[in-house]
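First, one chain by itself in structure tokens, the form predicted alone.
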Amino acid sequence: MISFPGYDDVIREIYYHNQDHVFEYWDELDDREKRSLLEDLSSVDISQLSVLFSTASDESQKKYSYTPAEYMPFPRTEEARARCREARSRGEQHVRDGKVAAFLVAGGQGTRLGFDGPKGAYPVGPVSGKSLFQIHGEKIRAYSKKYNTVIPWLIMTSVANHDETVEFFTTHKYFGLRKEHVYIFPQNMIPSLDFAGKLILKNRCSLFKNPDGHGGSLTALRTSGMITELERRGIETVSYFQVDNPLVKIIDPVFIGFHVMEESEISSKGMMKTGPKEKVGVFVHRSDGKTGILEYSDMTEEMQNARGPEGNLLYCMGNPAIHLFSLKFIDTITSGGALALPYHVAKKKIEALRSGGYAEIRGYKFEKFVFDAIPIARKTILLETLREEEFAPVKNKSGEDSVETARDLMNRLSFRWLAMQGIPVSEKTKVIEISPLRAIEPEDLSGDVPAREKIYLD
């Protein structure tokens, strides 16, 4: 058995679990490299590896039958609108009382956009060229001012973009927010395993790891110390959203109100699918009585095309990845108890260091999905939102769900808000962008609009 001062417990654990092949190059390493390898191993829950491998080897995954999920439709009657007014009142008070935090998942890079850097730094404003980060940050500033409160902003990065993200926020002075209310922390990494259940070396002094999925964002709240910090601040509700959606209503008092009134542990927004082939997950009711989300790739052709008596899609509620979590619920499912998000397994090709050289092997990568929290929760609700008001994903450089389509949707929403307020717009105006600092709801708008081709209302 090898030895190194200060790491005896880690070394014993590695040998006990028969993972000592990771020390194959030990005699070739200097002290700095040895410490680096042992630090990397220290970050791994070695006792969990057998559980992960059992998950990967288990071919008998639970199978369910499905029916469409029940949801609260967008209000189209006076009775429904009255309920929304009540929910809005409750939600606004919840925000004013300082009980809500915003949680942004921002681990992605801008590679698919042809952009070198964090995706959140990508300039998406149709007139201003503001980044996704700036648009989200200014929304939080506007909500905080409107409700005379402090809304902590939690931002989960990845190992790949953490330093760049921190630098971007520092350079832009946190977009007018106070630094002490913005928390930036990286996602956790989890080791991959080969088909024999063994750890894989990326190089002589580090393991091959991958991010633990968007579901790992909840675990990151615990490992970063954020659950404790939010409890200290009196936060009860966490608003979860993803970086690539510039239209998201980060703090929606109606949504928050229903979440609070129903004592929901996790609440979700859904949107009508554009058609049977739209590649988004759908909300379903499972045969075990739970609500969940079924990935598009797991839907049968029959399910995708199923129609109701009036010709509408049966599985119609798509997932825009907008959720509210009870902080107590997050605490429960990340505490290591019986309630926890399951791991999903993917078989992938991995470039590994083997026998003195690199080789492409087949191995298991593990990740968690945030929507797996839904069937675990004691109480959930699903609220319909209008996609044209709240969903403009920036995933591709061009074509579907692209920068172009997102800017177009932002432009259309600006025109719609002005029309709702009866504010005339010149025929020569083609593009309008409304700064969140000017308005975060149409009711915030007033005044005239200049007659120009492109307008930025700040």
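Basically, rigid core = biggest C-alpha set you can superpose within 1.5 Å across the two forms. We number the residues from 1 along the sequence you see. As the structure is a prediction and not an experimental result, all values here were calculated from the model.
What follows is about the form predicted together with uridine 5'-triphosphate, which we do not show.
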Quick one: in the predicted bound form, does every one of 111, 156 and 212 get a heavy atom within 4.5 Å of uridine 5'-triphosphate? yes
Could you tell me if residue 187 has a non-hydrogen atom within 4.5 Å of uridine 5'-triphosphate in the predicted bound form? yes
With the partner left out here, check for me: in the predicted bound form, does some heavy atom of residue 244 sit within 4.5 Å of uridine 5'-triphosphate? yes
Tell me, yes or no, whether residue 106 is in contact with uridine 5'-triphosphate in the predicted bound form, where a contact means a heavy atom of each within 4.5 Å. yes
Counting only non-hydrogen atoms and a 4.5 angstroms cut-off, does residue 367 reach uridine 5'-triphosphate in the predicted bound form? yes
Would you mind picking out the stretch of 374 to 382, 342 to 350, 204 to 212, 85 to 93 that comes within 4.5 angstroms of uridine 5'-triphosphate in the predicted bound form, counting non-hydrogen atoms? 204 to 212
Going by heavy atom distances of 4.5 angstroms or less, which of 119, 139, 130, 323 would be at the interface with uridine 5'-triphosphate in the predicted bound form? 119
Honestly, after the rigid core fit, is residue 108 moving at least 2 Å at Cα between the shown form and the other one? yes
Using a rigid core alignment, state whether the CA of residue 133 is displaced by 2 Å or more between the shown form and the other one. no
Spell out whether the Cα of residue 325 moves at least 2 Å between the shown form and the other one when the two forms are superposed on their rigid core. no
Indicate closer or farther: the Cα atoms of residue 128 and residue 109, in the predicted bound form, relative to the displayed form, with a change of 3 Å or more. farther
